[in-house]
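For reference, the chain that follows is the form predicted on its own, supplied as structure tokens.
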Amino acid sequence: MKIDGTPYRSIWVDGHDGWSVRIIDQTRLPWALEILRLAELADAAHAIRAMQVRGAPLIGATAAVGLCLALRADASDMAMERDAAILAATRPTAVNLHWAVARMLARLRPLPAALRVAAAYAEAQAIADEDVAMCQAIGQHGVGLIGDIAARTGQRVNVLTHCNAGWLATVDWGTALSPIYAAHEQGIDVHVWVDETRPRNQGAALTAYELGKHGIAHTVIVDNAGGHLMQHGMVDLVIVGADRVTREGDVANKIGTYLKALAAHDNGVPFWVALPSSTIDWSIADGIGEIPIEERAASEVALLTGRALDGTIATIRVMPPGSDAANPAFDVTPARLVSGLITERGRCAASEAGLRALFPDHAMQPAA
């Protein structure tokens, strides 16, 4: 995708030295476009933990190149297993992280240490390239949902999304936003309601940034406005991304997604989830009981960062000192509230039968 006319991926190997890794520091958006250089394992692990990169597919791609950087320092069996475990422990909920680390280890374990670095970079590049292809395919499989509404109503299609599931959350194209980008390219009149997504405001900061740079009409709303808009017929379709989907179709996504699904269900608004197959955890069935939910720092709730009226970037406190804050980063939407899943192989019901019809080649094995 493009920023001010320049094409970017969210992560890439530096073209000058051929081994270090470049990322867009998403904690600086939308106020500044800063490109960071990752040169060792600690840089990649920090980028994931500090959410300089975020979004399930991008976390997986970053872990893959993080292992490449680690192997440059020590490619022995012991070091590789240790460093893979460090990367796998950086975030608990997004299954792509564990999937990517497991895939890298499966490729590298049979090799002698001398061959591992080159093989690791090749595998990490394959993971990134496959993610781009999967996300582009998600757009092509999902755009019909938007096109059908446009054809039926003859009016602008209003899509509500939650958090950021665009190209900044993947290597390129995105998941939930990919059908929207595809609709825009086809000339369909589409408008996006963008949840601000407290506490980190990734909708207001990242989704709005992406859509604005791409010229797609959008409006930022507070997280609790979605139900009101649905009651008044102002939302035609909800599309969200996912950090983990169980084999029975339960969906873990950014906190607040479950409430949007409830509102959509109550108002008869289709609620779709877009995801690549790397986000499916075939090893678990019950999302509420089995998906680990990350609890992040209370400071994310207590503090807000933005541009002050004088142009400076400022961090302010929005709750009184002495008050506690809880900060679960994700919630689980039961499959019964999901209209369907959009994957790189097509659309299906949010159920084990639906998923297995699209992915009969996937064994029921743990992700890592």
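Since we're looking at a predicted model, the values are computed, not measured. Residue positions are given as counts along the sequence shown, with the first one as 1.
Omitted here: the form predicted together with a further copy of the same chain. The next part is about that form.
Screening 106-114, 132-140, 272-280, 286-294 for residues having heavy atoms within 4.5 Å of a further copy of the same chain in the model of the complex returns a single hit, 286-294. Checking R156, R82, R152, H228 for any heavy atom within 4.5 Å of a further copy of the same chain in the model of the complex turns up a single hit: H228.
Contact with a further copy of the same chain in the model of the complex, defined as a heavy atom within 4.5 Å, holds for exactly one of V332, L38, C68, V53, namely V332.
Candidate site formed by T197, T305 and L309: every one of these residues places a non-hydrogen atom within 4.5 angstroms of a further copy of the same chain in the model of the complex.
Not displayed here, a further copy of the same chain is kept clear of L33 by more than 4.5 Å at the level of heavy atoms in the model of the complex. At a distance threshold of 4.5 angstroms between non-hydrogen atoms, A42 is out of contact with a further copy of the same chain in the model of the complex. In the model of the complex, H218 approaches a further copy of the same chain with a heavy atom inside 4.5 Å. Within this chain, G147 is remote from the site of a further copy of the same chain in the model of the complex, having no heavy atom within 4.5 Å.
If you take 154-171 and check each residue for a heavy atom within 4.5 Å of a further copy of the same chain in the model of the complex, you get just H162.
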